[in-house]
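As a starting point, one isolated chain is supplied in structure tokens, in the form predicted on its own.
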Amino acid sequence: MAVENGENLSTKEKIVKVGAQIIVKEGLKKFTAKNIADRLGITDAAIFKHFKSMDDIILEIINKYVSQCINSAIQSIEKGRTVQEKLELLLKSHIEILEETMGAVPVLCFELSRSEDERFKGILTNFVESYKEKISQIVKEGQAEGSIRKDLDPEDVAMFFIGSIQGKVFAYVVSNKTGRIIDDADQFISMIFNGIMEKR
């Protein structure tokens, strides 16, 4: 498995990218220094020049995804003129980050949900709570202006957004698909909006 579009990446970035590919396509059991090194044509020792441990590679993947998603949510709230535009910007940005990290973080959420390692659980739990709060904030705004159904719980809508993306990654993994996780972001967003927006 070669690094896709990896010619301009540093060795550290290539390690992270190949690590994410292995996690998504083969699972955590195959996520080893040897497997990453073999795919990159480097030695195992070269990996540990950039990372102290394999867990640090996982933390790098998670932290990158989490920080980008939270930042994009904040920017969407600031840039969007309407509630629908804010939600569209947020979802499009999340999908771009998802594609960039090849769905590794949603897979890690499944894999690490029962982990004893509090570092992973803490970061993922804090991310979900923070992201849920940001989406809920936009939903409440939409309910107040009458563009989003008032009978919906804002937190349930937020979890529906997160769950829909998780579901797409799960389908991607089990079908052994290649390429993009979400082929048509606009169509995916339209399906989500169809269930939450007030009918005009």
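Residues carry their position along the shown sequence, with the first being 1. What you are looking at is a predicted structure, and each value in this text was computed from that prediction instead of being measured. The term rigid core refers to the maximal set of C-alpha atoms that superpose within 1.5 Å between the two forms.
Another form, the form predicted in complex with the DNA, is not on view; read the next lines as being about it.
Contact annotation for H50: at least one heavy atom lies within 4.5 Å of the DNA in the predicted bound form.
Using a 4.5 angstroms threshold between heavy atoms, T11 counts as touching the DNA in the predicted bound form. Although the partner is absent here, Y131 is not a contact residue: none of its heavy atoms lies within 4.5 angstroms of the DNA in the predicted bound form. Proximity of F160 to the DNA in the predicted bound form falls outside the 4.5 Å heavy atom cutoff. In short, of 152-160, 139-147, 171-179, 39-47 it is 39-47 that has heavy atoms within 4.5 Å of the DNA in the predicted bound form. For the partner-free chain shown, nothing in 118-146 comes within 4.5 angstroms of the DNA in the predicted bound form, judged by any non-hydrogen atom. With the core held fixed, the Cα of H50 is displaced between the shown form and the other one by 2 Å or more.
Relative to the superposed core, E13 undergoes a C-alpha shift of no less than 2 Å between the shown form and the other one.
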